[in-house]
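Coming up are structure 1 and structure 2: the same protein chain in two forms, each one given alone as structure tokens.
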Structure 1
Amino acid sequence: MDVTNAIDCNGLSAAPTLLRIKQALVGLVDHALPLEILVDEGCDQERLRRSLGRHGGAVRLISRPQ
């Protein structure tokens, strides 16, 4: 899987990850979606997904061991 353009959220817990996703989505045009988000292995993805709400469809969460 090519994740070279993924937004790196390694090291971040859920709240700063969500901030980073919202910041990345600002001003992005639709054809650039979904945005790949490299989430920290320890980040609670379920919780993050719930908190994403309407932005959920705009991102794909990817977790890979460091």
Structure 2
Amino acid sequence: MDVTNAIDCNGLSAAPTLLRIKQALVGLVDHALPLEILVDEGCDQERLRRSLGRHGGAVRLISRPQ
């Protein structure tokens, strides 16, 4: 999996991660989806996806073991 264009949210709490994702989705064209987001291993990915509402399917949350 190539995650070189992923947005790195490692070390961020849920609120700044959500904000960063929403900012990145503004103006993003459909063919650039899904947007890859790097999150901490302990991130509650399902909760974050629910918080994105209808945009939850537009992101791929990726965590790597430390």
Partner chain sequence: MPDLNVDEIPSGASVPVSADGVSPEVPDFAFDPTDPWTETFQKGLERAGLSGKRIYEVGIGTGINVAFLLRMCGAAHVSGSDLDPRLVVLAERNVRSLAPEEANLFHPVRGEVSLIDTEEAQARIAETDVIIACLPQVGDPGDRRLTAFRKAQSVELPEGAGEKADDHIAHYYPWAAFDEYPFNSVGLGLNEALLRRIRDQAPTAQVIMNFGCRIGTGIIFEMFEANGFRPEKLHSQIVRQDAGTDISFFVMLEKALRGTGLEKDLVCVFFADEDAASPLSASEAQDLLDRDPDTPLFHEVCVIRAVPVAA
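Values in this document were obtained by computation on a predicted structure and should not be read as measured data. By rigid core we mean the largest C-alpha set that fits within 1.5 Å across both forms. Start at 1 and count along the sequence of structure 1; that gives the residue numbers used here.
Problem set entry | Pair member which, unlike the other, is the form predicted together with its partner chain | It is structure 1; that copy is the form predicted together with its partner chain.
For this session: Once the core is aligned, please say if the CA of Gly56 is shifted by at least 2 angstroms between the two structures.
Result: The answer is no, as the C-alpha of Gly56 shifts between the two structures by less than 2 Å after core alignment.
Exercise. Superposing on the rigid core, is the CA of Cys43 displaced by 2 Å or more between the two structures?
Worked result: Yes, the C-alpha position differs by at least 2 Å between the two structures.
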